[in-house]
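Before any questions on binding or motion, here is one chain by itself as structure tokens, the form predicted alone.
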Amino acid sequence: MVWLNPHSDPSAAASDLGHAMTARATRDERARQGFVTAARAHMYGSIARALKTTYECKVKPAFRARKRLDPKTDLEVHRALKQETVFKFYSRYRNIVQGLVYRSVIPGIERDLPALIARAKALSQDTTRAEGTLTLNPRLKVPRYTGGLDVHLMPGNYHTDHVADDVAQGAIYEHGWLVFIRGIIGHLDGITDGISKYVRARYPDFRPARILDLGCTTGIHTLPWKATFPEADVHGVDVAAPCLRFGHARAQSRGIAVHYHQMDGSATTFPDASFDLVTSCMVLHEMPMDRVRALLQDARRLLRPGGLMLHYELPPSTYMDPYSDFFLNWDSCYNKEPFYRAFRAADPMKECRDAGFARGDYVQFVVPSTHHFGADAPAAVLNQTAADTPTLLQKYLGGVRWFCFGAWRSA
């Protein structure tokens, strides 16, 4: 369960992304965004606690009385809770708030869209700021698992082009993301900022010269790798052209050279052994398992000997108690993320072995959020092993922590 930081200011709405591709928001729009952030905090706070209390004090004892044992799976918890009023209220409330995340930012983006498109074009061509590149493939067929869904209930999903040279979906995603995470991870780039620094500290001799971020959307989780390894040549791939246009302009405006490519992350066209680090952030659970497996195999193909594949994702179901597993898997049923549960049910180590990585080259660790647990928290767990994962997930349950897995390519 994720709790918002009680010291965060929900009125500090997602009006300023910290770069030139920010859409202007009126005072009313900023207030609306702050309200949505506060509504999310209420959902993850009081309402989520009421849901769990109902389960522990009513639903679980009733299940035990009928079955003479406690629920053992997330599905049993889900079925037992589904008829409870608090579950219906929680689910409807969460759906409404999720939709409001995007509705709170779309008016400003629609109003500023011509200016954002013009700004993106100008930034893309301005090599005096940075020498990043953008390579689009208009013939690329967007996979049905992306193109056929409004993932996270985002209207138009990541990929829809409404006009020529569109950046709207990239803007909606990033402005909405800031409303969504306000008070959770500290700042827009907070996830990868913490994980990239952890990787540098844990593997001090690892200095990747070429880095690839799969499913990069607008580069929120790409740019921190460049900040942590400034000498690296950093690339990002995604199927969504409007996100890539927005992301390239975002990087250029900040003077950061990143190369963006419109590709399917499970079937890239880069040469064999062309990267030292292949990574993704919260991408795999949005894909069917056959595509996840294809991505892992392609990642191994792309790695040079001594290179690292690393994905930060939702923790596997095997590390969760039935209720916590249900709470995470809610999105699979109600948030347009139908592949979520199947991915979490998989064994990451086995999936890496099946992709061709050696058993002894597998890596797995938990990175606690510095926003919640302090700047020194990651350093305290540098020497963890995969066996420590359940303990660390539980230890940092009251805040935010990232589950990471992957493998080195030894040959």
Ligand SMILES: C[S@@+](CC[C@H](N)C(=O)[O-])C[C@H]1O[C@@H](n2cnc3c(N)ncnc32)[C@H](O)[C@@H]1O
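All values derive from a computational prediction rather than experimental measurement. One-based numbering along the sequence shown.
Another form, the form predicted together with the ligand, is not on view; read the next lines as being about it.
Interface residue among 156, 143, 99, 107 relative to the ligand in the predicted complex, by the heavy atom within 4.5 Å criterion: 143. Think of it this way: in the predicted complex, the ligand has a heavy atom of just one of 260, 275, 173, 246 within 4.5 Å, and the residue is 173.
Although the partner is absent from this view, residue 282 contacts the ligand in the predicted complex, with a non-hydrogen atom inside 4.5 angstroms. In the predicted complex, the ligand sits beyond 4.5 Å of every heavy atom of residue 132. The closest non-hydrogen atom of residue 329 lies beyond 4.5 Å of the ligand in the predicted complex. In the predicted complex, the ligand sits within 4.5 Å of a heavy atom of residue 216. The three residues 298, 355 and 406 each lack any heavy atom within 4.5 Å of the ligand in the predicted complex.
Note that among 91-99, 194-202, 220-228, 107-115, the stretch whose heavy atoms approach the ligand to within 4.5 Å in the predicted complex is 220-228.
Contact annotation for 381-411: no residue has a non-hydrogen atom within 4.5 angstroms of the ligand in the predicted complex.
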